[in-house]
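Consider the single chain below, provided in structure tokens and representing the form predicted on its own.
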């Protein structure tokens, strides 16, 4: 059985299980369940400058329940970088650029020891859109991507848009384009029974106030929440409510100052920053439409989450949004609040058009996480 090492250091110290951590957890649960690979989960220990071996069952249980029992996951056994054996696979699918072990150091060492390297790259936003990223993250990501392009035996991406972006970067700097395979992400997240019973009363109160547009995602510059606030304040006040559901990110002080100063704040326009999965599900199911104005996304899971609930999507006209949404969504020109308001007003005034938009998303069937795991397993096993 092929042994696969997974450095999950960032998941082990993380506090949020959305985005990449959430994706990693869904994938590894299924890889372990299939039983065709021997998964070895490891966590970097800076005091020993070595990897701590994690208990497989306990880590998989953690991925499934997200119950914070991480102390029980850590064993007392360690391996050095050189003890990762020949012909095993080192599979990077965590936020590896944030790891204290720089891949420009680790990858050549693994390569020298004839370890196969497979890297899952979710996006290269830090390279193509550095203005939306922390400066240290940009520098660390340059190191990570450069190492992957030089040393990885295979690169996996989740979209054609990311594949194109990597190939464009390679062409611009005259680097040989590596083997890149596309594996779309799943969208069938596990649903809880009686989930509505767990919804906060404050969330139900928001829903009771009338029709609302929903934006789901961390409040950060690249998500372009400011466009929605501008659209509400200039064109849609008293016509429809707005709900922003997501944790507060960095560099959004001006946005929050304008949001909280609005006379309709908490009574027409809301920010929900403590929403559980059940709360978000309830907000999706009851919204008029989901609006997705991002400048750039790695994948755009909120679009899939909306479609799964047969909710219309109005999205910025970007390559990744077009790839994920296809003909099901309505698109508007990036940063054009007047066009966005026009689309929304038209739907509000023309019930038949709104019904037709809802019809577009009926019966939507996404890729499943089983599909994703099967495809990734195939890619791992193909590395000779």
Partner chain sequence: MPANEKDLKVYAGLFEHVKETLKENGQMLNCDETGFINSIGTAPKKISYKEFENLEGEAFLSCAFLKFFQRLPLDEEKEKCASLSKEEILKYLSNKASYSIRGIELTDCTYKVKPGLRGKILGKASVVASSPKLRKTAKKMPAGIQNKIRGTFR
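Since the structure is predicted, the reported quantities are computational estimates derived from the model, not experimental observations. Numbering follows the first chain given and starts at 1.
Not on display, but discussed next: the form predicted in complex with the partner chain.
Distance criterion of 4.5 Å from any heavy atom to the partner chain in the model of the complex singles out 136 from the list 260, 72, 267, 136.
The contact residue chosen from 150, 84, 280, 252 relative to the partner chain in the model of the complex is 150, the criterion being a non-hydrogen atom within 4.5 angstroms. Contact check for 14, 99 and 143: all three have a heavy atom within 4.5 Å of the partner chain in the model of the complex. Contact with the partner chain in the model of the complex, defined as any heavy atom within 4.5 Å, is confined among 211-219, 196-204, 121-129, 85-93 to 121-129. Using a 4.5 Å cutoff between non-hydrogen atoms, residue 64 does not count as a contact of the partner chain in the model of the complex. In the model of the complex, at least one heavy atom of residue 49 sits within 4.5 Å of a heavy atom of the partner chain. Residue contact with the partner chain in the model of the complex: residue 80 places no heavy atom within 4.5 Å of it. Contact annotation for residue 68: at least one heavy atom lies within 4.5 Å of the partner chain in the model of the complex.
Residues from 93-118 that approach the partner chain in the model of the complex with a non-hydrogen atom closer than or equal to 4.5 Å are 99, 100, 101, 102, 104, 105, 108, 109, 112, in the order they occur in the chain.
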